[in-house]
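Next up is one chain by itself, shown in structure tokens, the form predicted on its own.
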């Protein structure tokens, strides 16, 4: 078997479409997971159990359910209730929602690592709750947890091929479509594997650099 460079050239238009969609999912999914994860984490520390208990139950359910099951539920079940999104939107929401339950635990650990004296000082200054969180606690917590959040971005990247199950044309799905039309599998799949490495490896190096600089 010889390597066919013409097959690689023919695959390039599909490849770049797949890269764009994959990065779009990764960026928007990360924003959802970081934002919603922070909401969950604050909910964990709510003063009333009527907030804490539902937050714990919901996040535990999402975290222990396979992402693929959640994808199918959002894409196939919600339309029966009149809620319907495109495959790309559904996939992005699902992956962001799924990983928000993991980032919530990271936020939780960072918040609990903030010294108790910081909470007491904010209380002594009579700071309102929103200023205590956003001016005192979260800046210290996020500095500690940035590397861990970066690791989940890499994990999210590696899970994007699951979205092909509902028809999202990310990188792996593009390679499958190309292979189905040309009956050449080696070149498209090899290109996709290299692309994942070229995206994930620099990201992992960045995470390690942040860890060395921020966690001291």
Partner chain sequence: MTAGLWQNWVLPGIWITIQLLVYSAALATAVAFTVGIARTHSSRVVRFLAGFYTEIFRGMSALILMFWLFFVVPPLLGWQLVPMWAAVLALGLSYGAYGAEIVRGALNSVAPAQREAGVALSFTPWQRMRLILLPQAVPEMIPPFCNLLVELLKGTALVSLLGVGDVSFAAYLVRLATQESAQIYTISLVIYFVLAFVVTRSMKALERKTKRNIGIEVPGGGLGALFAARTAVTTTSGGGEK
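This structure is a prediction, so every number in the text was calculated from the model and none was measured. Positions refer to the first chain, counted from 1.
If you look for the form predicted in complex with its partner chain, you will not find it shown, but the lines that follow are about it.
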(Q) Only one of 133-141, 113-121, 99-107, 82-90 has heavy atoms within 4.5 Å of its partner chain in the predicted complex; I'd like to know which. (A) 99-107
Q: Classify residue 52 as contacting or not contacting its partner chain in the predicted complex by the rule of any non-hydrogen atom within 4.5 angstroms, answering yes or no.
A: no
Q) Even though its partner chain is not shown here, does residue 200 get within 4.5 Å of it in the predicted complex, heavy atoms only? A) yes
Q.
I'd like to know if residue 36 sits close to its partner chain in the predicted complex, meaning any non-hydrogen atom pair within 4.5 angstroms.
A. no
Q. Residue 182 near its partner chain in the predicted complex, any heavy atom under 4.5 Å?
A. no
Q. Ok, 31, 155, 177, 46: which has a heavy atom sitting within 4.5 Å of its partner chain in the predicted complex?
A. 155
Q: Work out which of 169, 148, 26, 42 lies within 4.5 Å of its partner chain in the predicted complex, going by heavy atoms.
A: 148
Q) If you look in the predicted complex, which residues in 170-192 sit within 4.5 Å of its partner chain (heavy atoms)? A) 172, 176, 185, 186, 189, 190, 192
